[in-house]
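One chain is shown next in structure tokens, namely the form predicted on its own.
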């Protein structure tokens, strides 16, 4: 019976909260609705050595979603310390560029994508922050407006995720749609076991999403790969499934990581999941886990074990940072 109730809820949510970007073609109307609500919107591009793609992204978003249609109020690059020309290229095309370790410098320096996303909450001014990865080769304005639109048109929606490659029915054959390798072999099985309603989110690890500031400031941020997983669990635990929406952006072209690199990603994600499960009381008795991942490489006939120390540190909710409360005049 419980499985039926869950499935019915998922199907209802999918029909009401899943969109295709083409539904939001009328950007003029979207800007009007934004202005009626007196909303400000910030675009954050987290970077690390993305000189080959960042320029095109900045040019496109600035020309289409600032100059032509004033949907975005700022475009900002938050960089992890690139050793290529990422920052110079982004600045030359008009983005605001920040080094992550220069934001809230009084805090201990940490590195990771999640760190960039967290510090963007402090640095950027928008009521809505939309995050878009900086390595997208087929970049298009839909990667921003397709995620922003549900937040503008539906005040009850708090968090909008992207997904790609919609199912296609061709000659009675259906092409499966879902996430990448880590999603399908790790996150979806874990969600199916412990948070079945979250399986409605087609690509939980997608790097593109738009969120209301009042939600972002209240949740902790793992500094590494676990940030998207923790967001979904934390927002779901606080607001429920109806706080989410998702938008089909058709296709995303980017570089793929090696299987070994994905293994390291999965190791960090699993730590984040275990931490959330423990804090929610889902897993009650569990010994402290090891933070060393061991993988193998072969040189000639010598099998060598390579160790990686991977520990998912977390930043606290931004609302707890005194400097943030002062900057945004948050009452204590």
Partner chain sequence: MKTSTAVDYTFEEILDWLPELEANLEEVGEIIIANLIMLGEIPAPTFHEERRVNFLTDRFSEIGLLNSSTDEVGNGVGILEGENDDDNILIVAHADTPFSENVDHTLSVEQKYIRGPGVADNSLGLAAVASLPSIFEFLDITLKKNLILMGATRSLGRGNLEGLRFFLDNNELPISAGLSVEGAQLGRLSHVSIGMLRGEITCTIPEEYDWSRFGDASAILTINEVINKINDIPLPKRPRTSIVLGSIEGGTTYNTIATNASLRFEIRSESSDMVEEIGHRMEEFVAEISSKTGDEINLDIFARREPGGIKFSHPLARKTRFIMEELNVQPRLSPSTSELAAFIDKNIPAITLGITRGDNIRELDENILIEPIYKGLTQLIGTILAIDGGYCDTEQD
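This one's a predicted model, so the numbers in the text were calculated from it and none came from an experiment. Residue numbers count along the first chain shown, from 1.
Same protein, other form: the form predicted together with its partner chain, not shown, and the subject of what follows.
- 138 is the sole member of 109, 138, 237, 214 with a non-hydrogen atom lying within 4.5 angstroms of its partner chain in the predicted complex.
- The partner is absent here, but in the predicted complex a heavy atom of 88, alone among 88, 96, 250, 197, sits within 4.5 Å of its partner chain.
- The candidate spot formed by 180, 188 and 192 is out of contact with its partner chain in the predicted complex: none of the three has a heavy atom within 4.5 Å.
- Stretch-level contact analysis of 140 to 148, 96 to 104, 257 to 265, 218 to 226 against its partner chain in the predicted complex, using heavy atoms and a 4.5 Å limit, identifies 140 to 148.
- With a 4.5 Å cutoff on heavy atoms, residue 63 counts as touching its partner chain in the predicted complex.
- Shown alone here, residue 68 lies within 4.5 Å of its partner chain in the predicted complex, counting heavy atoms only.
- Taking the partner from elsewhere, residue 33 is found to have every heavy atom lying beyond 4.5 Å of its partner chain in the predicted complex.
- Its partner chain is not drawn, but in the predicted complex it has a heavy atom within 4.5 Å of residue 59.
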